[in-house]
Ligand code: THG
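Take a look at this one chain, the form predicted alone, written out in structure tokens.
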Amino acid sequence: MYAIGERINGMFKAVREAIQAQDPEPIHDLAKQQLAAGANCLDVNVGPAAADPLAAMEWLVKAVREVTDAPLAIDTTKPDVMSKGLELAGPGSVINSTKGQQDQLDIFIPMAVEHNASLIALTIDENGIPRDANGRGEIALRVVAAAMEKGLDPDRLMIDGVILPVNVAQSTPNHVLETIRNIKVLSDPPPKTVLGLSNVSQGTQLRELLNRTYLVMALAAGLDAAILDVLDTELMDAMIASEVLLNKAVYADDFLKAYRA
């Protein structure tokens, strides 16, 4: 599974304070810790940390680039901030994200092509989040068609089934699992599937348990990538063990150590 580390986000107090003080050390530490824990890519989101999101994103990406050339997921809804982030991050980055409505697809798909980036597309449109897997699948199909029309390779398209907190929408986790399975037959080759995993447990008491359990369920349904807390060792262990059991990784007695190496 392609693991996108979620921690470089201005919603977290330490990151917010680092951005406001322009102190790169906490950002350096988070980047290195997440990569050591098994992240393949680092999400970069200024959140509400700055009055000038463009300048904050420029500073934040540059700070990360001081310690790693790993792929970055530029996380913003603002096209100008996204463009600057991708320019600084370089090829192989990820646009996180666009909604599956035409006006946004017309902006962000060409941007992905221009910057040789992957694109996360949410199964949300002008009518909001669909109630079931069929509605999500209809949006995903429109996204795939738009990507093909505009020259974005399906291998660089990631569809997010949009998980909601289980304590407010208990039927959603099952709908999203069905969506993941359905996306595999939309095209040949199919787009990738991705989840913002931590959303499933937002506002609950046993967040770690819910995140770990749902990740295993989603992997069994065919999930390709997730934005998650790679610093949760038990979560990552569950992911690694699942890939072994699903025959996506070679078994060895020290498979946990082998993955992290």
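By rigid core we mean the largest C-alpha set that fits within 1.5 Å across both forms. We number the residues from 1 along the sequence you see. Everything numeric in this text was worked out from a predicted model, so none of it was measured.
If you look for the form predicted in complex with the ligand, you will not find it shown, but the lines that follow are about it.
*So which of 105, 117, 176, 120 gets a non-hydrogen atom within 4.5 Å of the ligand in the model of the complex?*
After the contact test, the surviving option is 120.
*Find the only residue in 68, 202, 233, 40 having a heavy atom within 4.5 Å of the ligand in the model of the complex.*
Of 68, 202, 233, 40, the residue with a heavy atom within 4.5 Å of the ligand in the model of the complex is 202.
*asked:* The chain here is shown without the ligand. Which stretch in 193-201, 27-35, 212-220, 54-62 comes within 4.5 angstroms of it in the model of the complex, by heavy atom distance?
replied: Selected range: 193-201.
*With the partner left out of view, is residue 93 within 4.5 angstroms of the ligand in the model of the complex by any non-hydrogen atom?*
Output for residue 93 is no: heavy atoms all beyond 4.5 Å of the ligand.
_I'd like to know whether residue 242 contacts the ligand in the model of the complex, with contact meaning heavy atoms within 4.5 angstroms._
No, no contact at 4.5 Å.
*asked:* With a cut-off of 4.5 Å between heavy atoms, is residue 227 one of the residues that contacts the ligand in the model of the complex?
replied: Contact with the ligand, yes.
*If you check in the model of the complex, is residue 246 within 4.5 Å of the ligand, heavy atoms only?*
No - in the model of the complex, heavy atoms of residue 246 and the ligand never come within 4.5 Å of each other.
*Within 151-166, the residues that have a heavy atom no more than 4.5 Å from the ligand in the model of the complex*: The stretch touches the partner through 160 alone.
*2 Å or more on the CA of residue 48 between this form and the one not shown, with the rigid core superposed, yes or no?*
Yes.
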